[in-house]
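In the block that follows, a single chain appears as structure tokens, in the form predicted on its own.
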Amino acid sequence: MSVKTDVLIVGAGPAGLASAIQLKKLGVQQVTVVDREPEPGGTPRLCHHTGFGVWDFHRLYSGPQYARRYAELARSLGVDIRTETTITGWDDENALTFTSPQGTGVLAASAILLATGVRERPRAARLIPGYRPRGVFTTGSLQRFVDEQHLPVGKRAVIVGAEGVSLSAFMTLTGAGLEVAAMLTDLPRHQMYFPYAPAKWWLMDVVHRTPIRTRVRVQRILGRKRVEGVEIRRLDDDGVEVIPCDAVVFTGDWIPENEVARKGGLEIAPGALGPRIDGQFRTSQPGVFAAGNLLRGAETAATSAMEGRFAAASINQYLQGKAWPRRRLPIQVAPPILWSLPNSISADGASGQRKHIAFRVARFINNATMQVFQGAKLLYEQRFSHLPPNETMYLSGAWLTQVDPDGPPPQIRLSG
């Protein structure tokens, strides 16, 4: 089976569907979206709590409502959404092989957008010893267990993590009737927040009622057939204690779903572990774009959707004949900076670049100066009073016009 389309989008989450909708609005005739899941919508369709749609729809939705809204909009505009379709590899630079219940085949396109999202690192990948008892989850597997399969989780849970996604796990657990014994982080304070006012009051109540243990690390899961507790080490005094529980949820610690990108030989950005892109979401392969959480781990659904819309504009320009840049300079970052986005500059300079460079750091940092160098030349510096981990910050992109396209890669450093 061979199918030809104008734009092929891999991933039917917020980034992929928002891009498909925008492409149709821009007049692109054939837009095909494929996803290996049985329903479109991405991760939000598993999040049965509220908090979605504020920024992109200006309404408050639950995750499933938000996912349905995007899927319905896409279908109403004529987007071809193919679920239960898994991409298996690349037939050539402009075509992907797939398998589905209808068989195998090739999907060829004039342009391809990768929007395959992200997953949490499971317990095994975090190298936490112990047996393999029932009751160990990531946020995603917990939500499938509770809201999709309607199975019992337990009575008392510990959440490993204290950031935005940890709140999602908290709401799923409490909605299923569990007590949350504690939320654990190895950082000196939690990083949980919500961007809209009503949730701030709810968060204050969560913090008041639930022990949030900072500067601790899980070093063992107890129990053979069923989780019986977690053994934690206090990082400040090296003491050890046990928290009894019958469920453990590992949150955060994101891994981009970059298998399709790697199979296609796309350049992967160190640190971010997603495809390296420029300010127009162009990857290292002509005609292939990338957007959403695939690029660097989890952001909000609205952020991914808006990136999908921006990518659609770039894809449309490419379909209309805009030349692919012949040379790209990677943007390098030095620790404790984890990644930047975009993470490359194309030879056509700052044209089309976003006004800000997004970045994250590995730890809490106060009173620091971000500096951008190209070789020994200082291009730009910006002062930050506070840089928290697990939260995206923004550096002005004013320096992009000063980059010499024939010079060495620019590097973003932190001083002070």
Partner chain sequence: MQKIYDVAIIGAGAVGTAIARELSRYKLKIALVEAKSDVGMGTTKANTAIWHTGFDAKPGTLEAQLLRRSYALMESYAPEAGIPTERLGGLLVAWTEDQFQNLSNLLQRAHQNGVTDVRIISAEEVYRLEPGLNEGAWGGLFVPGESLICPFTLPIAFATQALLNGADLKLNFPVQGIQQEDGVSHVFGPGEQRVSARYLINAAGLYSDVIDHMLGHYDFTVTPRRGELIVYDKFARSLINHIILPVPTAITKGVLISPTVYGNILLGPTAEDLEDKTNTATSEAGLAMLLEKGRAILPQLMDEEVTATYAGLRAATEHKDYQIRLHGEQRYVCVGGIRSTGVSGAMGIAEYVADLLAEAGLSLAPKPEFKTIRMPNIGEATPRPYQRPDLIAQNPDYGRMVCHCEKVTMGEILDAIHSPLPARTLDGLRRRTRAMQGRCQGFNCQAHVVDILARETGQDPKFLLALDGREVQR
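Positions refer to the first chain, counted from 1. On a predicted model such as this, the values are computed, not experimentally measured, just so you know.
Separately, the form predicted together with the partner chain exists; it is not shown, and the next lines address it.
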query	finding
Options 152 to 160, 297 to 305, 184 to 192, 278 to 286; stretch whose heavy atom lies within 4.5 Å of the partner chain in the predicted bound form	152 to 160
All of Thr88, Arg233 and Asp246 with a heavy atom within 4.5 Å of the partner chain in the predicted bound form	yes
4.5 angstroms heavy atom contact with the partner chain in the predicted bound form for Ala323	no
4.5 angstroms heavy atom contact with the partner chain in the predicted bound form for Glu228	yes
Non-hydrogen atom contact Glu39 with the partner chain in the predicted bound form at 4.5 angstroms	no
Contact flag, Gln219 vs the partner chain in the predicted bound form, heavy atom cut 4.5 Å	yes
Contact assignment for the partner chain in the predicted bound form, among Thr174, Ser141, Asn316, Thr210, heavy atom within 4.5 Å	Ser141
Interface residue in the predicted bound form among Arg75, Arg134, Arg215, Arg82, criterion: non-hydrogen atom within 4.5 angstroms of the partner chain	Arg134
Residues within 4.5 Å of the partner chain in the predicted bound form, restricted to 229 to 267 and counted by heavy atom	Arg233, Pro244, Cys245, Asp246, Ile255, Glu257, Asn258, Glu259, Arg262, Lys263
